[in-house]
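We begin with a single chain expressed as structure tokens, specifically the form predicted on its own.
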Amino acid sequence: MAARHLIIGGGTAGINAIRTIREEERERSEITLVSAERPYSRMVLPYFLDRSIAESHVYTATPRILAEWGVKSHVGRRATSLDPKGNVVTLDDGTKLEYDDCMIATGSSAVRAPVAGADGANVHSFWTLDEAKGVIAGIAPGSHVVMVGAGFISFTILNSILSLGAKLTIVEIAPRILPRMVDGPGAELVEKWLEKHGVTIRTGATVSAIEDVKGKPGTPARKRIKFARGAKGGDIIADVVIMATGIKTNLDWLKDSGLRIDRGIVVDSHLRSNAPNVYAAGDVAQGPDLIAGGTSIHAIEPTAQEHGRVVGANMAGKDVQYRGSVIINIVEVCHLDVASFGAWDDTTAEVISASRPDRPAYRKMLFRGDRMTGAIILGPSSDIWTTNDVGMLKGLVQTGQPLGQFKERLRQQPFDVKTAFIAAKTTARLLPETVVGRPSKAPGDTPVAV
């Protein structure tokens, strides 16, 4: 009897798992996909927002591709309960699906700050395709857009909003922008850069309410953003408000499942939960952390892709262990590259840092002994040193190659990463690294690379 694989979630992790099963299995299995939405790439939504791509290019595994893969699809349905003992998942329409093994990759949802009026008209999140459509409908040249939250999500769509001819104001409750991605000096550099490009930034500001402002008859109501007492500056009037105030993992439906859940579903080095035939991947998985050790949730695209490939290979009968994920955040804003890797915020690590305000450029490297465990780098996208060093710093953090005497060279010449990268033989360490024990295959005519 063919093995029955159940994939819950049609995002990056789920689609990579399906493709990997088909590439690795010896005998054809049954694959069933449950996905609340048509499978699409969240990472390309900013390009959909600025109209660089059509909606048809947002989707990944189309019905044709799923049919070619022989996948039974329950698209538009949600899983509502899991019975690991009975190997059954129940859907929101009452359908019961039996499985031999199951992968949970239900991802995350946007969370709006508990502010009066945050659920009103012309107030949007930007996490799903439908939410992106709402933002598109509200923005026109000359519109004033206010983004509440100055984290990674906001910064992925910043360029798109400006390209539509809108005026942009960013509001952040923390004392600085990008608080979970860069340190104080890095944030200061980014803030000055954005202000030069016409972006208004207000930090240390708590929104207390979002109210309608009535305009002329027949015109859409604008929004008044009010602030808590003590905040600098007055109210802000906007045409569109985007709430980018965080995400939460979609785990509520598993509360009676018996799975071990901490901040996410706790999984082992094979990405198995405490139910041995139930795997977890992507945002919901609290899995191995390559740099810090132990387990962490890394709600980022690279981790979701790797998780999906590892689970897919294990479902197909291989024995693949996951080395662990590395936190990676890379974004480009107004042609300034901003990136951080690994334990960039480790307050106990040894630090080497430097800046060149004239370029402008900034980098910070964190060490345990002579191994780099984290890094921050900022610089113009047109700057070849930035382009090269982003990849090399990531490689040094990912491999943990000992730098020996070249750590001291970096201290003396922190903008000469290439010499340390080459001397540590980092490329030789990176080249043979694979996620599922083989080189990646070309994706053919499908949009999913494994």
Partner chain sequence: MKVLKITPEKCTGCLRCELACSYMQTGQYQPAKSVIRVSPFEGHTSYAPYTCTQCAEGWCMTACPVGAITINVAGAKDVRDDVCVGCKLCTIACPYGTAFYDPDTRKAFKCNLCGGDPACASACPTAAITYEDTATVDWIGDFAAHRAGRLLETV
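Residue numbers count along the first chain shown, from 1. Please read these numbers as outputs of a predicted model, since none were measured by experiment.
Just so it is clear, the following notes concern the form predicted in complex with its partner chain, a form of the same protein that is not shown.
- Taking the partner from elsewhere, Gly395 is found to have a heavy atom lying within 4.5 Å of its partner chain in the predicted bound form.
- Though the partner is left out of this view, Ala349 does not reach within 4.5 Å of its partner chain in the predicted bound form, counting heavy atoms only.
- For the chain shown alone, Arg309 is a contact residue for its partner chain in the predicted bound form, at least one non-hydrogen atom being within 4.5 angstroms.
- Under a 4.5 angstroms non-hydrogen atom cutoff, its partner chain in the predicted bound form lacks Thr62 among its neighbouring residues.
- Although its partner chain is omitted here, in the predicted bound form all of His57, Arg323 and Leu430 have a heavy atom within 4.5 Å of it.
- Among the residues Ala231, Ala110, Ile328, Ala354, the one placing a heavy atom within 4.5 Å of its partner chain in the predicted bound form is Ile328.
- Remark: of stretches 72-80, 202-210, 354-362, 296-304, the one touching its partner chain in the predicted bound form is 296-304 (heavy atom within 4.5 Å).
- Contacts of stretch 398-417 with its partner chain in the predicted bound form, defined by any heavy atom lying within 4.5 Å, are made by Gln398, Gln405, Phe406, Glu408, Arg409, Gln412, listed in sequence order.
- In the predicted bound form, the separation between the C-alpha atoms of Ile153 and Ile384 shrinks by 3 Å or more relative to the displayed form.
- An increase of at least 3 Å in the separation of the C-alpha atoms of Trp385 and Lys418 is found in the predicted bound form, compared with the displayed form.
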